[in-house]
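There is one chain below, alone, in structure tokens, taken in the form predicted alone.
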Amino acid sequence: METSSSSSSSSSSCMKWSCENGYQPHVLAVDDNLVDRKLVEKLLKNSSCKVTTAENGVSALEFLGLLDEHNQHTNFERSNEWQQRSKVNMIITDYCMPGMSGYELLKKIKRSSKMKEVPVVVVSSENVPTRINKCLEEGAEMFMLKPLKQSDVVKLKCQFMN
């Protein structure tokens, strides 16, 4: 798991407002594919976001503090620092991942009392209408097709994180 941030500015009025006020939204990006994960991380950093990446659903749940402690052990301490790190403004997850799909991750997040209000965006390289509808019905704010572009990230930031 990696956390990084950037303070670059952008010409978008939404982005400019965020930078001028020192507000840096925190996004958790979940994708099993390293190239896709790095691309999303770079796009988010270019949009002045703090980014934490996770390579699978279990790592994302661990970071968010949503793992069942009877079945899984977390590596994060239950402290104020841990609570600050786990506060995210948005989660972007790939749909198709081994072990736990992005859809399963979405369901766990939306059923959590402490994370259900956090916007979740599901991304996929496959345009499957039934998959898209299923995610939106379960509470995803948006379903986007890969590869994401900078304009997609700007749209997400303006719509869900300001």
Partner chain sequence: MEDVIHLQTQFLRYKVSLFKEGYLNDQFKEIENLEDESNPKFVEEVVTIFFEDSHRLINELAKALEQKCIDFKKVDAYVHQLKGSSSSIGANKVQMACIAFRNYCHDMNIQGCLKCLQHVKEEFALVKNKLETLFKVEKEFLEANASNPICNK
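Quick caveat: nothing in here was measured; it's all calculated off a predicted structure. Numbering follows the first chain given and starts at 1.
In what follows, reference is made to the form predicted in complex with its partner chain, a form of this protein that is not presented.
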property: Joint contact, N33, C96 and P147 to its partner chain in the predicted complex, by non-hydrogen atom at 4.5 Å; result: yes
property: Segment that reaches its partner chain in the predicted complex - one of 57-65, 133-141, 38-46, 111-119, heavy atoms within 4.5 Å; result: 38-46
property: Residues from 124-142 in contact with its partner chain (non-hydrogen atom within 4.5 Å) in the predicted complex; result: S125, E126
